[in-house]
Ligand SMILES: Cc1ncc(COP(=O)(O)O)c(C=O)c1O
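Coming up is one lone chain in structure tokens, specifically the form predicted on its own.
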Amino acid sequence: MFEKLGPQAPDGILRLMQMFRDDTRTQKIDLGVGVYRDASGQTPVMRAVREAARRIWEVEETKVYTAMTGDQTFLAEMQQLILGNVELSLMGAAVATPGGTGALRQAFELVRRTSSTVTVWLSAPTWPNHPAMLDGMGMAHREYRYFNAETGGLDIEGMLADLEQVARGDVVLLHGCCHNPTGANLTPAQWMQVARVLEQRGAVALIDLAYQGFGDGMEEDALATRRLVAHLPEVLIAASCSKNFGVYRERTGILIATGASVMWCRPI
């Protein structure tokens, strides 16, 4: 079996990080990986995270399995953090995942189970892991215009025109805030334009929320997600705790599905 496997190309980001470490120059900046760094170039453990770890160490009495969906308190608190109020939170079901990437993979798996012909629409450009996962799963994907390289901003006209071509049941992947890799974000009014188009086309929004709190604030960065959930009948949210809690190595994430049709699968 193993002799049929060829060597894999080195990961581009990890290779760039190694090049940075090997570079002996002092005036250099590492742009290779999206992690928080302080002024000294370190990624510290946040005080709140240390305190939480201490409390767990003192009171935890078992390492037995949690529920299949994950710790229920974590799920409830994350839904509150992202969706903001009880009414929206009650619309959805949630499952803990291995990081935001795991949440995206679970979302794609869920989509694939519902339809073998669905197309996932990605912004041009987008985070390279998005198309890589879809290619690995054999799922169809297309691009919608997003970034205008000449202006350095959003191409809202091109974006809306392309979304008008989305078929009913297709999935449109949107960056909830801090678009990766361009940093070009929609205004609240533009988000509502997108919501109206998706509603008219009968599409499902899949929101990648990896940077809540890194843009304009925890509440402000969740605004677009909350508006889409309030406006659309079905939304998937893949969220990561890596950035805003600084717990990269713990691989902590959540997948939320909102809509009346998911009420039956909520944990009791």
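Just count from 1 along the sequence shown to find any residue number. Bear in mind the structure is a predicted one, so any value in this text is a computation, not a measurement.
Absent from the display: the form predicted in complex with the named molecule. The rest refers to it.
At the 4.5 Å threshold, heavy atoms of residue 240 reach the named molecule in the predicted bound form. The closest non-hydrogen atom of residue 228 lies beyond 4.5 Å of the named molecule in the predicted bound form.
Under a 4.5 angstroms non-hydrogen atom cutoff, the named molecule in the predicted bound form has residue 127 among its neighbouring residues. The closest non-hydrogen atom of residue 210 lies within 4.5 Å of the named molecule in the predicted bound form. The candidate stretches are 94 to 102, 156 to 164, 194 to 202, 117 to 125, and the one lying within 4.5 Å of the named molecule in the predicted bound form by heavy atoms is 94 to 102. Contact with the named molecule in the predicted bound form, judged by any heavy atom within 4.5 Å, is made by just one of 180, 148, 185, 106: 180.
Heavy atoms closer than or equal to 4.5 Å to the named molecule in the predicted bound form belong, across 138 to 177, to one residue only: 175.
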